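Below sits a lone chain in structure tokens, taken as the form predicted alone.
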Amino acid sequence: MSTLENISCNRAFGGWHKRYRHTSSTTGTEMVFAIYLPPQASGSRKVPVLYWLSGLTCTDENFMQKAGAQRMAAELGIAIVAPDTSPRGEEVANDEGYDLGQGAGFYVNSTQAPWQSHYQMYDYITKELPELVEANFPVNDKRSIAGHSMGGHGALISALKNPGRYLSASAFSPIVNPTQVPWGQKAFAAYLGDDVEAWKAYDSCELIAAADANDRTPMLVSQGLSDEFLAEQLTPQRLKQAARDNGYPLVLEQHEGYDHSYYFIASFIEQHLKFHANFLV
């Protein structure tokens, strides 16, 4: 089991926000994640966990510092875990663009050089990190997952690819059809190669269309209608249609005037936490 190094510790709403560094066997690098432990996580009591996946260019700090999630998490008794968005370091492949390389792991397992050595983010977030968290903190095995933009993509595919592993999933402004939009096409061509069929394994629209009738994870998606990436990169109506066609329990909420920023996330994060609490608590 990886050794955890505590980087920082801050009291918040009766609980604790902590950041840790560890050597990942999955990515072959040092990885950083944050965890908020609510006040209920004390003594012998264990609490459920919401995993939060952030978007392009972000680290664990963006959500934890900007979303204002801790107050409601403390009230509901839910821990929040926020990993980084990619492996990092001098030895880790990178790109000049903000939408590929470090800070842009897209939560896939790369199969192509030079990325495959470290960019195994899907296995990291769905396997190694939960095992590490559950072995070292007062949490139980009740999990949900959420995210924003690229992280919304990661949250939805993680739930869809692992029926029963997450009790619920939600996303703000997710990239729902990456095989058909510029952000996804650039990243998938680099990480996964030229076989477009292989890309579909990480596409929420493809996964939700093919989901088995017995595999149903409740999902909530929030989208701002003033989001500058709405038409070209996000295309939420495609996910709504795929869910409708397959009878999948997806709720898509669209909000006038809201954009792609953390102002949007902060405005509705309490709703998302309460949504997850319906299944976790």
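Numbers for residues come from their place in the sequence shown, where the first is 1. Bear in mind the structure is a predicted one, so any value in this text is a computation, not a measurement.
Keep in mind that the form predicted in complex with a further copy of the same chain is missing from the display, and what follows is about it.
Peer 1: Using a 4.5 angstroms cut-off on non-hydrogen atoms, would Q65 count as touching a further copy of the same chain in the predicted complex?
Peer 2: Yes, Q65 is a contact residue.
Peer 1: Residue-level contact is defined here as any heavy atom of the residue lying within 4.5 Å of a further copy of the same chain in the predicted complex; does Q70 satisfy this criterion?
Peer 2: Yes, contact at 4.5 Å.
Peer 1: Taking heavy atoms and a 4.5 Å cut-off, does Y20 contact a further copy of the same chain in the predicted complex?
Peer 2: The answer is no: Y20 has no heavy atom within 4.5 Å of a further copy of the same chain.
Peer 1: Is E256 close enough to a further copy of the same chain in the predicted complex to count, meaning some heavy atom within 4.5 Å?
Peer 2: Yes, E256 is a contact residue.
Peer 1: Determine the residues of 250 to 281 with a heavy atom within 4.5 Å of a further copy of the same chain in the predicted complex and present them in sequence order; the list may be empty.
Peer 2: Read in sequence order, the residues that approach a further copy of the same chain (within 4.5 Å, in the predicted complex) are E256, G257, Y258, D259, S261, Y263, F264, A266, S267, E270.
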